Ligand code: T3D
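The form predicted alone is given below as one chain in structure tokens.
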């Protein structure tokens, strides 16, 4: 069938596809899924695989073990051959964040534990964030004399507003899952043992929707931050014209009139 291909395998990331949902799991639980050169390469490879896999209509991103991602593996930074930080960001972190945001498929972040440093940035880059009740967020850059990176200074003000973003970034305040929900950083908090099941329910709902319309909606939401109302209205009109010309829109109308569930094909 079109889109069928061998499921890729990685050393430090698990990639599984079922029912239109790709589950990507950071898999260094013994190191709290801290980011090494290898893990960043594997994660980028996994998101590129999603981009090529016509079976995938939604993604769940999570971590193995008790952490989502503890950020950069600091032991690796002590290696004499480690790239300068600016190079590491430009060559490894930034392409990863760009690839996540460029995906047509929505990403559900299932934040199962601590998300710190660049691990928090990975969570921020997801389209929908759900957190286990034991999860926590912390930028943690200030503790080691660094600047929030991997998109953190771009995402945070847009997600929680400038005042709270400044507090989190400058004071390095930890944020519990409950507080993250209160300020709108995550959509919901669930019991740790239910997180993956509930994240999958959300992903399956997304996977059942019209893929072209979802992708257009993602782009419209992101673009809205950089344009005025008139430009946003025109952008909506253009995107609606594209969506309205799809076979999926015709299917949606037919299903509504026939009082049945639509069967969207991404066409």
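Positions refer to the first chain, counted from 1. Owing to the predicted nature of the structure, the values given are computational and were not obtained by experimental measurement.
Quick note: we don't show the form predicted in complex with this ligand, though the next part is all about it.
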| property | result |
| --- | --- |
| In the predicted complex, residue 170 touching this ligand (heavy atom, 4.5 Å) | no |
| Contact label in the predicted complex: residue 70 to this ligand, heavy atom within 4.5 Å | yes |
| is_contact(residue 197, this ligand) in the predicted complex, heavy atom dist at most 4.5 Å | no |
| Contact test in the predicted complex: residue 30 vs this ligand, heavy atoms, 4.5 Å | yes |
| Partner-proximal stretch of 159-167, 143-151, 99-107, 186-194 relative to this ligand in the predicted complex, 4.5 angstroms, heavy atom | 143-151 |
| This ligand: the contacting residue among 34, 56, 214, 49 in the predicted complex [heavy atom, 4.5 Å] | 34 |
| Residue (of 181, 134, 128, 89) lying close to this ligand in the predicted complex, criterion heavy atoms within 4.5 Å | 89 |
| Heavy atom within 4.5 Å of this ligand in the predicted complex - qualifying residues of 111-135 | 114, 116, 117, 118 |
